[in-house]
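Here's a solo chain for you in structure tokens, the form predicted alone.
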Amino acid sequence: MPSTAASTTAPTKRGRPGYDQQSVLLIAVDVFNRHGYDATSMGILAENLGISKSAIYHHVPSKGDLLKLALDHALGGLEAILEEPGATSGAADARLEFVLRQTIAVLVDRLPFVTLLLRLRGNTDIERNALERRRAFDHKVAGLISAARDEGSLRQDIDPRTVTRLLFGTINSIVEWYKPGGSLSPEKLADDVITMAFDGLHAKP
């Protein structure tokens, strides 16, 4: 799997015995996804970790720092895709397919982190900054769609902005139903999404 999806864990920092920053972050992301970030207090985090609230501060200064670490992990994987050779050279439709495949790979590889990203409300500066980075990523993908359309490899009768919303609506929905380790592999999942997006659902003659 390409480097954009190779890192399955967030950066590690040693802290109190029994936990490092990575393990605290993984549990925190799970709690944020179950309860919502706003509704999650340091007390709830401490209860799920089985440690005191004060012990959490040996790993991170605040709940917001946990959120930032998690969102950086999700967005870093997505943003790195756009720097890969497959996203920067070649025909626009091939670059678009590469970016979509790798987006799915990152989503599956960092599923809890991307789930948290997609559920942001934008209530804090950290959330708003993350949403701005996500919009910038979407904007660059929309540019690839427009370029492929201009090259004649994509149909002309659908607004590129509509195509972008539909593609990401499909891809983002994966966080709600995909179960890693099941019968549908990440590679087959990407194949199915690409086939549906580029070839449609009509059977070939």
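Nothing here was measured: the structure is a model prediction, and the numbers come from that model. From 1 onward, residues are counted along the sequence shown.
The form predicted in complex with a further copy of the same chain exists for this protein as well; it is not shown, and the discussion that follows is about that form.
Residue Gly152 is the only one of Pro180, Pro61, Gly50, Gly152 with a heavy atom lying within 4.5 Å of a further copy of the same chain in the model of the complex. Using a 4.5 Å cutoff between non-hydrogen atoms, Ser41 does not count as a contact of a further copy of the same chain in the model of the complex. Residue contact check for Leu166: one or more of its heavy atoms lie within 4.5 Å of a further copy of the same chain in the model of the complex.
Taking the partner from the other structure, a further copy of the same chain in the model of the complex has no heavy atom within 4.5 Å of any heavy atom of Lys140. When a further copy of the same chain is considered in the model of the complex, Thr162 lines it closely, a heavy atom lying within 4.5 Å. Note on the interface: of 66-74, 52-60, 22-30, 168-176, the segment with non-hydrogen atoms within 4.5 angstroms of a further copy of the same chain in the model of the complex is 168-176. Heavy atoms closer than or equal to 4.5 Å to a further copy of the same chain in the model of the complex belong, across 104-128, to the residues Arg119, Arg121, Asn123, ordered by sequence position.
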